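Given next, in structure tokens, is a single chain: the form predicted on its own.
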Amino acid sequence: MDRVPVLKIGEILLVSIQIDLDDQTALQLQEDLSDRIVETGAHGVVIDISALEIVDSFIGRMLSTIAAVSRVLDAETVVVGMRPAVAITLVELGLSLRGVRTALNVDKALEILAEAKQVRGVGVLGFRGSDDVPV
């Protein structure tokens, strides 16, 4: 079974889905990501789906579930890289991705997370001072 890597960048976890997700891999990702949020204390999750050509109803629900679980664990989730065809399919399936924030790219996602979570003067990338500049 393939696994989707979960990378830690400061207080953010980055997930770049580069394979077609079958149901088992999607469930494993959900579990791995939840574990990593707890292990790392991450306050944000960015999920890049730009490589996905198809998102079915199960994957759509999985993204919503990941966002809900992440929120309970004190982490915001932003999905990036959604192709227009995927967005159209999700709307046609009646999936609103409730609770899932979206952005066009990772830079925009980091901006959203920076606005959502300023932690005691530490930016979302974990540096003291302004958000992306180490001091």
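Just so it is clear, the model here is predicted, and its values are computed rather than measured. From 1 onward, residues are counted along the sequence shown.
Only in words, not in the display: the form predicted together with a further copy of the same chain, which the text now covers.
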A42: touches a further copy of the same chain in the predicted complex, heavy atom cutoff 4.5 angstroms: no
Check whether I112 has any heavy atom within 4.5 Å of a heavy atom of a further copy of the same chain in the predicted complex, and answer yes or no. no
Can you check whether S50 is within 4.5 Å of a further copy of the same chain in the predicted complex, heavy atom basis? yes
Under a 4.5 Å heavy atom criterion, is D107 part of the interface with a further copy of the same chain in the predicted complex? yes
Counting only non-hydrogen atoms, choose the one of 50 to 58, 67 to 75, 27 to 35, 93 to 101 that falls within 4.5 Å of a further copy of the same chain in the predicted complex. 50 to 58
Does a further copy of the same chain come within 4.5 Å of a heavy atom in each of V79, A87 and T89 in the predicted complex? no
